[in-house]
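Encoded as structure tokens, the following chain is the form predicted alone, with no partner shown.
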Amino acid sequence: MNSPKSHPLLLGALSLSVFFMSWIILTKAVGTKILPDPFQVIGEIIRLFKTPLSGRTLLEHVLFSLRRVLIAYGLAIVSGLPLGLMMGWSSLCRKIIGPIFEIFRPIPPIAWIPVAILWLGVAEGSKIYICYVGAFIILALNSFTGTRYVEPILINCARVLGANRKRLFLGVAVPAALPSIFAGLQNGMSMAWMCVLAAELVGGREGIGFIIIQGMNLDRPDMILAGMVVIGLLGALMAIVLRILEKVLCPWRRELV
């Protein structure tokens, strides 16, 4: 009962308290013109909920960004996960697709912004495309890694019990790869948020990225930090949902400490 694991809420509250106290102290040192304190940022978030920016409230801007992220994320799941699983399981697929994948994998998603704008303009399509590229690479890579490096003893035991190749894949390889797949889902979600912000900063009239760029244009660091805090809260909420889903689908996985 005295172990740190038995007091997760207390430790979390303590770390947040230290963080906010450090933030306040740093604000006192550099001034609110450079770094607003937490109360100013919270006040700005409340103001943005009530006062429209470019004709839209904060909730409307959040919904624009969230829609872009979720559409791109869903497309990345239905395309990236099967591709990674196939490359990890089939040597033929790996030999055919692997070289092409390795060429495109190191290219940062943000580098696709000019191409996306040329192809799709500055409308919704280009923003969704940028988010899709960022999430797709991570999801494909993690599902490939999880499937490719399944413990050989699991495969051999299933073969001894008479499992055919289809059952080996669906009953052994995919479940064994689930932890790696869920890690990819979390990282892919984070990357999708990074990309949507970059796309909205470049060419957008709505979204959280637009709020941040407006804060820069208006010399309002409190508005910039308000947008960043909202992103952090949304990302944390989605990460919690994914962790709960992982515990349901991977009940055999346990924390070490």
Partner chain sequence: MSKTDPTSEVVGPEILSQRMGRGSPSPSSIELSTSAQLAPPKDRGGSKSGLLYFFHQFLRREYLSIISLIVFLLAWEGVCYFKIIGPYQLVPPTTVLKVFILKLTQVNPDGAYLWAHALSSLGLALLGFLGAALIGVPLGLFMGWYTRLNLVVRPIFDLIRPIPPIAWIPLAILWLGIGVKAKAYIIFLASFVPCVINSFTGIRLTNPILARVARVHGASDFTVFLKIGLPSAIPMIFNGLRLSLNAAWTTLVAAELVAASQGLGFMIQMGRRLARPDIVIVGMLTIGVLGALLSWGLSKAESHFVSSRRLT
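Quantities reported herein were computed from a predicted structural model and do not represent experimental measurements. Numbering follows the first chain given and starts at 1.
Heads up, the form predicted in complex with the partner chain isn't pictured, but that's what we're talking about next.
So the partner chain isn't shown here. In the predicted complex, which residue out of I77, M86, I71, I117 has a non-hydrogen atom within 4.5 Å of it? Selected option: I117.
Among the candidate residues M228, I45, L53, L66, which is the single one with a non-hydrogen atom no more than 4.5 Å from the partner chain in the predicted complex? Answer to the contact question: M228.
Taking the partner chain as it sits in the predicted complex, is L59 near enough to touch it, meaning that at least one heavy atom pair lies within 4.5 angstroms? Flag for L59 set to no.
With a cut-off of 4.5 Å between heavy atoms, is I110 one of the residues that contacts the partner chain in the predicted complex? Judged by the heavy-atom cut-off of 4.5 Å, I110 is in contact with the partner chain in the predicted complex.
Is there a heavy atom of A183 lying 4.5 Å or less from a heavy atom of the partner chain in the predicted complex? Looking in the predicted complex, residue contacts with the partner chain do not include A183, since no heavy atom lies within 4.5 Å.
Would G232 sit within 4.5 Å of the partner chain in the predicted complex, counting heavy atoms only? G232: contacts the partner chain in the predicted complex.
Using a 4.5 Å heavy atom cutoff, which residues in 204 to 218 contact the partner chain in the predicted complex? It's fine if the answer is none. Read in sequence order, the residues that approach the partner chain (within 4.5 Å, in the predicted complex) are I212, I213, M216.
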